[in-house]
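The form predicted alone is given below as one chain in structure tokens.
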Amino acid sequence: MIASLASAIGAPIVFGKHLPKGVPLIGLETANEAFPGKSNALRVLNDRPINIETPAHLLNDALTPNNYFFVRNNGIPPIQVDVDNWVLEISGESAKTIKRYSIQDLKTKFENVSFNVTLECGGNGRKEFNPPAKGNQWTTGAVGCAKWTGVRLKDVLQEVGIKSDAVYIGYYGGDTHVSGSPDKEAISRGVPIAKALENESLIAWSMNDKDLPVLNGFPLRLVFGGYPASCSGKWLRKIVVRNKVHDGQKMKGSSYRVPCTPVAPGTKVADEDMCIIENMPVKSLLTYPKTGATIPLARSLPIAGHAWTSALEIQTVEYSIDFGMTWKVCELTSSDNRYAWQHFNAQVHFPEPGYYEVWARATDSQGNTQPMLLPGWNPKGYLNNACHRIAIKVVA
């Protein structure tokens, strides 16, 4: 077995004879044939539509590799994509003109820019809600940060022309409804015009210097940092400039909305009492070590992770080993640009053998701090930014 693994790696496995029986080597995650471009190490929550999350320990990279980036789809991706003939239309009642662009037009007519931007599903962490919330039961893995390359959405909108009454943009993609009906949209969301005009808001064709993965929007998508990832429309076909809040699929009812005022767990909330989610809350994730690690008491434990926010930046990240009674500050890097996650690390020392939990919490530049436990309950299980924690066993 060791010999065959060494052959697959292309290098000898030093000390391979000591590998405990049943323990797989890391770094050998194979491609997932059922879900092109994605690793088999990811956790599949649903296959129609496809929803796949990334275990926390696989998010340790400064930028999330394409094969580890989560998938949140509402419909069925286009089966065949003709890149050369793919057209993006910009129109709408608050657009001064109607224009159509090929991908080559976008690449040559406008400045090409790259930003590292974190995208997170609004339902990330839904599994912790009680009573349970409907929808895919995401744990912590519906998040990732990648280098996105494309053009600024505002540059394209400015060439088209924006009327003074513009308040929102909406998108339409090339995906189809799970029913297969051509008369139903899978999803068509949008953002306020001010968000669309931010420097970091992109029409992107590249992710980590490669074509977008098929399941993440190839060949063209929107990227909006700091908002729910559902706003960052994939397989982008059309953008409409609206004189009202966009009314596409998943913009009404309880979709991507939370109660405008706090409610008791289990409360039924009328649609008119729900407000659209805009800025995402401050959050952090421990990506090293993998939960369940065992270390000797004589050693310190290196921890690492990422923190992100819709505010300007993360100010501090702290960790606790005594269930939040005391906190110690981690080292924290600055971000490459707004909406990129920031990396933190620390050396943790334990006072005696036993079971511990390492908790992490972040505070952003607006003074927002993660709650230790689940924040306010809501019917769809959105915006869970409770402290992430991992289990550690310390032995003598």
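Just so it is clear, the structure is predicted and the values come from calculations on it, not from any experiment. The first residue of the shown sequence is 1; numbering continues from there.
The protein also exists as the form predicted together with a small molecule; that form is not presented, and the subsequent description refers to it.
- Taking non-hydrogen atoms only, W235 approaches the small molecule to within 4.5 angstroms in the predicted complex.
- Contact check for V258: every heavy atom lies farther than 4.5 Å from the small molecule in the predicted complex.
- Although the partner is absent here, N116 sits far enough away that none of its heavy atoms falls within 4.5 Å of the small molecule in the predicted complex.
- Taking the partner from elsewhere, F344 is found to have every heavy atom lying beyond 4.5 Å of the small molecule in the predicted complex.
- Judged against the small molecule in the predicted complex with a 4.5 angstroms heavy atom cut-off, the residues I103, W205 and N208 are out of contact without exception.
- Of the candidate stretches 71-79, 88-96, 238-246, 306-314, only 71-79 contains residues with a heavy atom within 4.5 Å of the small molecule in the predicted complex.
- When you look in the predicted complex, the only residue of Y168, F129, F224, Y171 with a non-hydrogen atom within 4.5 Å of the small molecule is Y171.
- The listed set M274, I187, V151, L285 contains one residue whose heavy atoms approach the small molecule in the predicted complex to within 4.5 Å, identified as I187.
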